[in-house]
Ligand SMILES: NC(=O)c1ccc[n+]([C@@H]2O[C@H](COP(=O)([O-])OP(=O)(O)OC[C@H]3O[C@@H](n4cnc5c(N)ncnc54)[C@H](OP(=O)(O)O)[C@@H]3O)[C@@H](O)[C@H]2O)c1
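Heads up, the chain below is alone and in the form predicted alone; it's given as structure tokens.
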Amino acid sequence: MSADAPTNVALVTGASSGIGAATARRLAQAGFAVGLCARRTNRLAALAETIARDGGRAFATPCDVRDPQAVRACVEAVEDALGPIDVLVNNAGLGRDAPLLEGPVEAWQQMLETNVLGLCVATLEVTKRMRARDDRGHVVHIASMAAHRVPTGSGVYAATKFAVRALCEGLRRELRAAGSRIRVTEISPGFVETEFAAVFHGSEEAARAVYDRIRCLSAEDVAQLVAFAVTRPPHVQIHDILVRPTEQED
């Protein structure tokens, strides 16, 4: 981590696998103490042990970001254990194969509550603490290339990621209007080989059909971008990163 960087504690939501787990490991390697938040407690514990074994510092706390009270409790627990949060990585998110013409409505609700409401509440809880201290920090939203175009049949999922894009710019403008020095970054990956496709399509076989077509990004590829963005000098804000596999067409 740069000597000029004021940050030293990061909270990563959705840290139990994929981009979240890779980001937590990468930030720990960069010198951050890392708060780990997700629903799967066994995976969080294993990740915390791995980070500690590699010489880093981590604190794991279970949290379903769809529950605002759980998010508030998570933020408080991380700050009690590690100190003030300087970087928030809003990574928790999911997609479901639930077209507008078919549903089910429950899948739409799960995506909206996780990808949008959970992100908003985590952002609120962390930024109000940042502003009450020295009004510095960094908020990173993990969006998607679906925030920039709408794949057929994925209208609701894309809508949640378009919302993330709007929320990133909305947050930036609110912070600037308030004279805050908190920075914001949105990272929009294309195909990343994680558990996302298996959850979206409901099977490992379908996921393999997606990921075997081209060489996809790895979770580590995205984690490196997060680490790069949050370790720039305080006067540098990287607002929007779009990253695709070289072979991805759309």
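Numbers follow the displayed sequence, beginning with 1. Treat the numbers as computed from the prediction; the structure is a model and nothing was measured.
If you look for the form predicted in complex with the ligand, you will not find it shown, but the lines that follow are about it.
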Are any of the heavy atoms in Tyr211 no more than 4.5 Å from a heavy atom of the ligand in the predicted complex? yes
Do Ile142 and the ligand share at least one heavy atom pair within 4.5 Å in the predicted complex? yes
Given that the partner is absent here, does Ala58 sit within 4.5 Å of the ligand in the predicted complex, heavy atoms only? no
Considering only heavy atoms, tell me if Thr231 and the ligand come within 4.5 Å of each other in the predicted complex. no
Give a yes or no on whether every one of Ala15, Arg39 and Val192 sits within 4.5 angstroms of the ligand in the predicted complex by heavy atom. yes
Within 4.5 Å, heavy atoms only, one stretch in 168-176, 154-162, 130-138, 74-82 touches the ligand in the predicted complex. Which? 154-162
Of the options Val199, Ala206, Ala46, Ala52, which one has a non-hydrogen atom that comes within 4.5 Å of the ligand in the predicted complex? Val199
Of the options Ala98, Val126, Ala92, Met111, which one has a non-hydrogen atom that comes within 4.5 Å of the ligand in the predicted complex? Ala92
